[in-house]
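Only one chain comes next, encoded as structure tokens, the form predicted on its own.
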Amino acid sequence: MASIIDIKEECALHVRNFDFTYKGAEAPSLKKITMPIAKNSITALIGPSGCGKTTLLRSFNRMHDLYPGNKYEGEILFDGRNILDPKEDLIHLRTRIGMIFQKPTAFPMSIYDNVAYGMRLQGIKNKTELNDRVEKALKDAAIWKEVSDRLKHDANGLSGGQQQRLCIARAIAVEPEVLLFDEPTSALDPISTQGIEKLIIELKDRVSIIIVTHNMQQAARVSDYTGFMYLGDLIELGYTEELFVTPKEKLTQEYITGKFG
């Protein structure tokens, strides 16, 4: 039985009895996951490789649907409805629940067009509005000063840390309610990592954030809540400080003290 904190705040997402099975697999990769995700907070998911944390993260905006044959069961409630409903509009869902991947993936186009891309898909064509929102997103992603004089340049000319901040600008430009971060600093140097962590903390005032990280120190630095996963199960979810100092589950304690990993 998992140890799950009773979150008092409003929830951005609520997972209930959620199973996920990859195509052709005999057993589910995620088993009976139940957890609340607090609104305007940062929830970190930690655990050893292969424990299911990225599989869970990608379920929150149905990324697994890009590969047919995967199977969901249970509920992931967002804005009062179950997003696992087969009739869910996935393009609209991924606008409201955006994702930042482990490796920065700038589109092969200009810096400006990278940020404007999602807004144009939403039907925004007014040049003044596009200009204003591109500038705001780049400022919010703490990269405007570095790129304001080269918005028409190829985005792939940016450094890794700059490309990751550009990807964050692209995601927040469409004004999502939730942002999913899949090990967003694992390919970055320590200075770029520090910048991304600072940015994530600043963003929680306007979006709810879920971050998968293999780095327990990072989870301790940035998150309000931490969930520990092991072999497809959610073992414990609690306030980050309490989970790292006084975990309720023996398995959690063994993991954070380095007895396995």
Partner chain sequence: MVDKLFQNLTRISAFLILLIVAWIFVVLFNQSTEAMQTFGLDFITKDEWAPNVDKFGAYAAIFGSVASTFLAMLLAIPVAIGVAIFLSEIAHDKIKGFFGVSVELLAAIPSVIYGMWGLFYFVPILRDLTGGMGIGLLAAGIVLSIMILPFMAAVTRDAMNTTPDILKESAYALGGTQWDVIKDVIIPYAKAGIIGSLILALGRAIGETMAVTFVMGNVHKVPTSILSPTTSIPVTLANEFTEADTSLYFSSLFGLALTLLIMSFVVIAIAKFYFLRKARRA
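Residue numbers count along the first chain shown, from 1. Just so we're clear, the structure is a prediction, and the values are computed from it rather than from any experiment.
If you look for the form predicted in complex with the partner chain, you will not find it shown, but the lines that follow are about it.
- This chain is drawn without the partner chain; in the model of the complex, the residue among 106, 77, 142, 130 with a heavy atom within 4.5 Å of it is 106.
- Remark: of stretches 130-138, 79-87, 96-104, 143-151, the one touching the partner chain in the model of the complex is 96-104 (heavy atom within 4.5 Å).
- Taking the partner from elsewhere, no residue among 16, 18 and 187 has a non-hydrogen atom within 4.5 angstroms of the partner chain in the model of the complex.
- The closest non-hydrogen atom of residue 63 lies within 4.5 Å of the partner chain in the model of the complex.
- Using a 4.5 angstroms limit between non-hydrogen atoms, residue 214 is distant from the partner chain in the model of the complex.
- In the model of the complex, at least one heavy atom of residue 171 sits within 4.5 Å of the partner chain.
- Interface residue remark: residue 91 is counted as part of the site for the partner chain in the model of the complex, having a heavy atom within 4.5 Å.
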